[in-house]
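Structure 1 and structure 2 below are two forms of the same protein chain, each written out on its own as structure tokens.
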Structure 1
Amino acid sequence: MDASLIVYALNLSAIYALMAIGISLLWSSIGMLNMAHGATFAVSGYGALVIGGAVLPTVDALLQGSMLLSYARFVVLLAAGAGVGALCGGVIYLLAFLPIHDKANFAVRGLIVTLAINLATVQGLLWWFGPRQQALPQIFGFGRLEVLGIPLRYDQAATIGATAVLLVAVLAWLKLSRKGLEIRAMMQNPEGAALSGISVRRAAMPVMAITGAMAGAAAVLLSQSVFVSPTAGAMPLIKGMIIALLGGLGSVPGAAIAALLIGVLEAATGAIPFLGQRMVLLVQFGFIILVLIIRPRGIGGLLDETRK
């Protein structure tokens, strides 16, 4: 695999990791498979588009000719996408978690409710914005730089770097903050956490907001190379789900490793002439099935007996 393919694989892995880790965090902490994660992705892309259209002209006027202009534009769009994603997470918490979290078969009920939210959101976006694809403003242009002799486009370098910073910040929050400690306790032993006085109702809200913000950040980063559309969240949702399963639902390190493997596999498959992009999903699903046959709990998943 040449240097350009390695960069492409890392770029894909970074975006997929943001989606997959969010899905894995939700499942391991509150037991919900959020099928509205794709809707959060799409809404965040449009949120960044609308907010960017309103704010960026002012930023351009204030910093015209400055070296900080590209960074300011990047911060504005990333903050807009992450902020809208966090708001979407809060809405999903109010609609799909609070009313049913203490009901029987919560996991199935939550899956159905979030799927309904996803479908309704896509239809709402189609009604409001129409089916036409739209592009987010280019932040860094089309230049290149070299890192250790490897050529990187500006947007690729920003995506990889921003994802690394975001994931480190989330992991540090989980490890060092009191709320993060509560969430980790819920991930390891939900019953024990409840007996210790940890409220699932209170702890779920920050998890929903943070995972929504991660999906919003992924939308902004991916939309630097593809377009924003009402159905833009479908493929990231599918990839996030399969990567979370491959990594082991509930395992954040497993999801990160799985995202890297899937990104490398997608880049390598697309570069093989007799396979190409049309065979990417088939190869990925074949790889995932093989891994899950050998290791049913995923790369980093724990056995249920071990968790108990």
Structure 2
Amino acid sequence: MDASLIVYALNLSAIYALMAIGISLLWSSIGMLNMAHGATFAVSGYGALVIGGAVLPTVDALLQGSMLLSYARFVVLLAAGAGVGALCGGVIYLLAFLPIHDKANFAVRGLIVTLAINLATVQGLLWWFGPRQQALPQIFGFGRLEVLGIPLRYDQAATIGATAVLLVAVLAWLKLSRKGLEIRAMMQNPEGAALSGISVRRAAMPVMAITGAMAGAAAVLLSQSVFVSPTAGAMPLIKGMIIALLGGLGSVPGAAIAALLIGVLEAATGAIPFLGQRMVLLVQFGFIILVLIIRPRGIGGLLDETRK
């Protein structure tokens, strides 16, 4: 495997990790499988497109010719995507979590409601923007830089870098802040959490917003190489979901490792001539089903066992 393939794999892994960790985090903290993650992804892409279209000319005019221009553009788009994503998370929270979170059968009902939100959102985007694919404004162009002798496209570097920063920030927040502790307490015993002054409804809101923001960021980062379209969310959703499964639903480190594995697998499958791009999904599924049959709790289960 040559160096550029590794970079490609890392690039894919980064985006998948953003989606899968969001899904996994939601499951482990509030016990909901968010099928509307794909909708968040698609809406954030359009959000970045619209906001970028409105704001970027001003930014260009302000920072004309400055070194900082492309960074500023990047930050604006990323912030727009993440912001819209967080907003979507809030809407999903209001619709799918708040009314039923302490009712019977929440896991399945939450899954159904978020699926319906996904369906409605995709159709709404189709209706509003039409089926045409659109491209986000290019930020870094097609330039390359060399890191340790490995050629790196600017957008790849930005994706990998931004993802790493985001993930570290989220994990640190979970580890160090009181909210992170509350989330863990909530999952173990909701009644005990209530007696510790932890409101499930209040603690779930930031988690929803943050996972939504992660999906939004993933949308902006992926849109550097893929177009924005109403159905753009389906593939990242399916990939994110199966990676979260492979990681063992609920385990954040498991999801990160699984994202890396799947990214490498995808890059490798695409590179092997007789398999090719179109067989990528098949190979991934085969791999995941195999892993899950051997280890029903995925990589996360494996991690737990070794820890014990």
Partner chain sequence: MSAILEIRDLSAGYGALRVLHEINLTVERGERLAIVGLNGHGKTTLFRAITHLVGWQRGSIRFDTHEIGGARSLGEGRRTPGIVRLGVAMTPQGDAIFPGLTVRQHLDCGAWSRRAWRERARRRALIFEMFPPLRKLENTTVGTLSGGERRMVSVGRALMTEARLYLIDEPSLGLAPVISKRVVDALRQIDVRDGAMIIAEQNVSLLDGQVDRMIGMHAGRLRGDVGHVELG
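The term rigid core refers to the most C-alpha atoms you can superpose between the two forms while keeping them within 1.5 Å. Please read these numbers as outputs of a predicted model, since none were measured by experiment. Here, residue number means position along structure 1's sequence, counting from 1.
Taken from the form predicted on its own, structure 1 is distinct in origin from structure 2.
When the rigid core is held fixed, the Cα atom of Val226 travels less than 2 angstroms between structure 1 and structure 2. With the core superposed, Ile117 shows a C-alpha displacement below 2 Å between structure 1 and structure 2. Once both forms are fitted on their core, a CA shift of 2 Å or more is seen for Ala185 between structure 1 and structure 2.
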